[in-house]
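One chain follows as structure tokens, the form predicted alone.
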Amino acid sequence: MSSVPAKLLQTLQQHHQHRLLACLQLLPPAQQMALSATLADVDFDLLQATWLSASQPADNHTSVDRAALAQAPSRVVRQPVSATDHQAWALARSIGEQAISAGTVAVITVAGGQGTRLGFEHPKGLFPIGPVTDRTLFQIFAEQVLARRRRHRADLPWCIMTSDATHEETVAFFQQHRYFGLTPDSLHFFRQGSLPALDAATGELLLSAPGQLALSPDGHGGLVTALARAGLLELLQAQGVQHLYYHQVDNPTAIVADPALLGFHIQQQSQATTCVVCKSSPTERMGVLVDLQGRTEIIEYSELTAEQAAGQDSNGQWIFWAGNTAIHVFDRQFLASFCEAGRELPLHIARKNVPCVDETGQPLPTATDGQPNAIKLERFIFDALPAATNTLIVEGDRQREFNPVKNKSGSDSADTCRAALSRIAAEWLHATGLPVDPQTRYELSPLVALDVAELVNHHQQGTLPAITRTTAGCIIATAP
């Protein structure tokens, strides 16, 4: 194995990676070099420690203790009710708008997933979701970004995180549509990383083919290293960006670069701010934000029993009410700090069946006990929250801001998302005084109005584009 560095061979022997050693011995020199280069980036100490931890007998006390210790979040900006509340929100909105205009804000869209759960074999961002026009998720966000830039006369860089599975098709889609009116140099496509799958029984790295590791995306928590690897953390710093608005591609009603959320984040000098919504029921399948031993953390719904999920505080309020929308604002410098040695976000494990082969390319047999053969690893961006010295939670308007498309049918499906987009457009049109038919589907482009106040102003000024009526419904749109 002359093409394999001696230090790598020693590392593989120390960590009992017998299959990799045998595979390297059988590979021709060029493939030896390629696999050796891949393995050079693997932290075998971390993987072994993770596997050993995963191999310990299950202990249910950890999650029970977390739930028992958790309290409802104390530092929360709730939805405005009183006149004073509305004044506070107006001030925050003004601060956020100033930050956007000053060029200190960038948008990050996490779009590495495919639409497999929707029966859509393409990047999820290409999924058609417009209730009348079938505009894609990507187009709706692109129009929001463009409209926000025009309103605030700002650069507002847009960083889109793809994956190996979605990158090429995503870039080609934007090129095909001429970037939806955005300048190409203001968009930054970057790939999330991958992590190797481990043999659940032995901790060895699995092979998908001779000379190729079985890899899977490293989760939305891989954002930090992906930004750094693409040179975007340095670029954004050079451009004067201080605040990173983060959202996922599956929620087209998210308010991109929401000035109010940004304003509260800046006003209260938060390092990590999260938009939450009140859960519809105690058992709704959402992670929830809580105070836990003086820190802000997220407890997953799978960690809670039904009884715990319905727990109330001394005022009769749900403890676990603050549902995570996956909308955050991060301080750029704080997020960049996770690139430092010893400060990486923790790894999480998921037991899955992964097709794999031995060193000769022969498929490995499935486990006789019926258990998944592999451990997949990923990182979660919300694990940054406990590390922040100053966090903030802001309650969003659920009906307006959180209508994700995750499932093929039922709740959080394409049907419920399209209905929400149509409902929002109809509500805004009604606010202008225009007649609205409850049986008609409506669709409103962000290029016409980013909010109801802008739409009302267009109507009052006589600048509202004509409503186009089709057999599918009513559209108010404008070209980029």
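Note that residue numbering begins at 1 and tracks the sequence as displayed. Rigid core (definition): largest C-alpha set, two forms, superposition within 1.5 Å. Everything numeric here is computed off the predicted structure, so don't read it as measured data.
There is another form of this protein, the form predicted together with a small molecule, and it is not shown here; the text below is about that form.
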- Going by heavy atoms within 4.5 Å, which of 99-107, 145-153, 115-123, 172-180 lines up against the small molecule in the predicted bound form? 115-123
- Triple contact flag P217, D250 and K406 to the small molecule in the predicted bound form, non-hydrogen atom at 4.5 angstroms: yes
- Heavy atoms within 4.5 Å of the small molecule in the predicted bound form: does C275 have any? no
- Q192: heavy atom within 4.5 Å of the small molecule in the predicted bound form? yes
- Do E300 and the small molecule come within 4.5 Å of each other in the predicted bound form, heavy atoms counted? no
- Item | A111 within 4.5 Å of the small molecule in the predicted bound form, heavy atoms | yes
- the small molecule in the predicted bound form has a heavy atom of only one listed residue within 4.5 Å, and of D383, E395, E344, E378 that residue is E378
- Message: On a rigid core superposition, would K376 pass a 2 Å threshold for CA movement between the shown form and the other one?
- Response: yes
- Core-aligned, is the CA shift for T104 between the shown form and the other one 2 angstroms or more? no
- Taking the rigid core as reference, does G115 move its C-alpha 2 Å or further between the shown form and the other one? yes
